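Starting off, we have a lone chain in the form predicted on its own, written out as structure tokens.
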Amino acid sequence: MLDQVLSSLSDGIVLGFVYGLAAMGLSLIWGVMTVINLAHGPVIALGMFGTYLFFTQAGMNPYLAILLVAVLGLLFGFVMYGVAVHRVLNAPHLSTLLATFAINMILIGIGTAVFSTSPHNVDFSMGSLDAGPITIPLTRLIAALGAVLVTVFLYSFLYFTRPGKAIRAVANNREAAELMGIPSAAVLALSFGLGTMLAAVAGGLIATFFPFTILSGGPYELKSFVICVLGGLGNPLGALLGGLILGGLEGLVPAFMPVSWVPVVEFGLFVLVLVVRPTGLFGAK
């Protein structure tokens, strides 16, 4: 029994790093511009398909493909911001919700027409790591390491570069930042692009070990909302820690009860945190 629990828990924690990376993009966009991006799930799915296409059509190593997916995700975020978000940014929250929901439906519709809803997978294996009762595929370990590296990159960018400091200034007080000469429109576009890039990279990493369809981003979007509430809305590091908590739960719950109870526990925790500590376990930023 203990071996089963350890194996399941280690799997959950490794996945939790990737969950946290996916949620980090959602948290960054909320923290900077107070926009809930309902197109987050399809962007994760596009990251999966981007990695798949570079791997199958160009014969590229999937991890190199993820680097290209990151660049394309950043550019797509700029386009999505300019087309759907910028014009309604100062409107009531419902307007941004509807705008990003419209993008969600458009991406799913186009993706279904192009890729159908049949499962695809990146057929790439690197073996596994055995440590006693614990066996972890190396693709999952590399994905966890990649999530940590991206987190370090994000924090280094936000705290040690001029554009990153501009993002933090705009997130703190947009009007004051504009008075200091910071172009808020460009900074907001960059923030949205970075959030989209994080979602696409998370999708690319997930594609290396799970089959996927154009609809696969939906569950990860829901998990991202739970993680953001756990870690604190607008707190990217909290999102990573929240991902570890959720991943650990997903690993532990099936060891003691049916797998069907996993979403019940997850969303029960979601409601509990909202009631007891609305700013999240690690505080909003």
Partner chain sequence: MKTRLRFGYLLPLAIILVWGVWVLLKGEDTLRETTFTVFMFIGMASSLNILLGYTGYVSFGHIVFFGLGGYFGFYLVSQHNLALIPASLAGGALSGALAGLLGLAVLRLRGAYFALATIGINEAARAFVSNFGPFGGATGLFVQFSAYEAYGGAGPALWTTFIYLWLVTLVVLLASSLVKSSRFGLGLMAIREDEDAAMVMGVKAPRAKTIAFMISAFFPGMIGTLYFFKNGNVEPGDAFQLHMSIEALVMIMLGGMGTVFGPMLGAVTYQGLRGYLLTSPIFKSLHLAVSGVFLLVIILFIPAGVVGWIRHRIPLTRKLLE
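Quantities reported herein were computed from a predicted structural model and do not represent experimental measurements. Positions refer to the first chain, counted from 1.
Omitted from view is the form predicted together with the partner chain, to which the following refers.
The closest heavy atom approach of residue 233 to the partner chain in the predicted complex falls within 4.5 Å.
Within 4.5 Å of some heavy atom of the partner chain in the predicted complex lies at least one heavy atom of residue 97. Residue 225 belongs to the set of residues with a heavy atom inside 4.5 Å of the partner chain in the predicted complex. Interface membership of residue 249, defined by any non-hydrogen atom within 4.5 Å of the partner chain in the predicted complex, is ruled out. Picking from 80-88, 197-205, 118-126, 141-149 the stretch near the partner chain in the predicted complex, with a 4.5 Å limit on heavy atoms, gives 80-88. Comment: the partner chain is not present in this chain, but in the predicted complex one of 72, 185, 136, 110 has a heavy atom within 4.5 Å of it, namely 110.
Only one of the listed residues (53, 36, 60, 237) places a non-hydrogen atom within 4.5 angstroms of the partner chain in the predicted complex, and that residue is 36. Taking the partner chain as it sits in the predicted complex, the stretch 248-269 comes within 4.5 angstroms of it through a non-hydrogen atom at 260, 261, 263, 264, 267, 268.
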